[in-house]
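Quick heads-up: it's one chain on its own, the form predicted alone, in structure tokens.
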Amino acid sequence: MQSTLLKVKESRWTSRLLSPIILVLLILVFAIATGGRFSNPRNLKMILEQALVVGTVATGAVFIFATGNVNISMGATTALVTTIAAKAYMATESVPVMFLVALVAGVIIMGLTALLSTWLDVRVLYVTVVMMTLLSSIQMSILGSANIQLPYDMTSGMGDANVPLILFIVFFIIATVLFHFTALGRKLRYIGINDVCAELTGFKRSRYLLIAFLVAGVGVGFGALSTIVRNGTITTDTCSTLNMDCMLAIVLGGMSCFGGSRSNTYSAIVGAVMVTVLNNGLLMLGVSNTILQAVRGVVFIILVCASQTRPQGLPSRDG
């Protein structure tokens, strides 16, 4: 009996199906608890719009998490890139320029973070703690005491054209192909299992860590553009909860925060919807934002403790 339960727990399908089942149960519980207000089409549309930003950034973060590293500056990076891209639009009134600036800024900042980690031989976690503070300070310096109000015609037009959804779909497809159907994904998962063994096998950790951050940088750029479309106004509070949302999304989606063989892009989008549903549902039930943040923190700690054993086994082609 014990061996059967262990096989079920260790099964790849358990981690893949458990999160969607929990998501459906959450939606049903909140729909009943709010008297149907939660399942209102307008509210569901808002949840989808919120989840797209988290899902886009979290999909890129999967590449970093797969190596066994944690980047806690994703939110600060996205906020700064959003601010820079918005400034670029206000200066040029060109949407293509805004798109280009967002992608370039996201890739450069994330690439710099990876290079600092490898050059200084410091763990990614410690580097990103410093980067989180530094990037937040830079964003506040750029904004000052003013906010950036983007033209409503531009943001609403892009929203009506479903630009955030298109950006997410394009990035998710590219990321999934790279992560699950090329050698890059297998090598990143291999590093997550045992980075020393990976180095001895010939997978240079610094090179693949840089690639992982560059891919995540593209996700940050797309997430920043989606944030601009969704918010319209950029403030110092923009993306303030995005970092925790991304980490929660990855672990809620069924992926271990220690990376390894069970890392997958699927977890990012399922987890992003779960996080958004949880946030929205609790707020509709009258839970204060302070208590909500506490609940999110407790859930994250529990999930990290539950998955603290690094997944074993080599990454397979279907992983």
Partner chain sequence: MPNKGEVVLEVKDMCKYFGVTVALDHVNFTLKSGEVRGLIGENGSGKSTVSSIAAGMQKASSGEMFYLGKPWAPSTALEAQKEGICMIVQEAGTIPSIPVADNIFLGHEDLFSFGPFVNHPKMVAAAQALLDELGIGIDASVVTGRLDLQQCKLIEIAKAMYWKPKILVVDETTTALSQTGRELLYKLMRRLADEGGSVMFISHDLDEMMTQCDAVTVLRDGHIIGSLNKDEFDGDVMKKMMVGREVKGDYYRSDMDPYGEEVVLKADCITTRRDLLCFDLELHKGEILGIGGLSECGMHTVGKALFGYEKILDGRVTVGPQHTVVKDVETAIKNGMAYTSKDRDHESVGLPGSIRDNIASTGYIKNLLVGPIISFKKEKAYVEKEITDLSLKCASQYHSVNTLSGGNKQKVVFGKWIGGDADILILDCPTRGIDIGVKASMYQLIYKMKKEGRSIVLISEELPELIGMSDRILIMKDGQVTHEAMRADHPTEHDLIEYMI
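Residue numbers count along the first chain shown, from 1. This structure is a prediction, so every number in the text was calculated from the model and none was measured.
Note that the form predicted together with the partner chain isn't included here; everything after this is about it.
- For the partner chain in the predicted complex, the listed stretch (73-81, 184-192, 99-107, 165-173) containing residues with heavy atoms inside 4.5 Å is 184-192.
- In the predicted complex, the partner chain sits beyond 4.5 Å of every heavy atom of K87.
- Using a 4.5 Å cutoff between non-hydrogen atoms, V177 counts as a contact of the partner chain in the predicted complex.
- Heavy atoms of T201 reach within 4.5 Å of the partner chain in the predicted complex, making it an interface residue.
- Taking non-hydrogen atoms only, A91 never approaches the partner chain to within 4.5 angstroms in the predicted complex.
- Although the partner chain is not shown here, in the predicted complex the stretch 261-287 places heavy atoms of just one residue, S261, within 4.5 Å of it.
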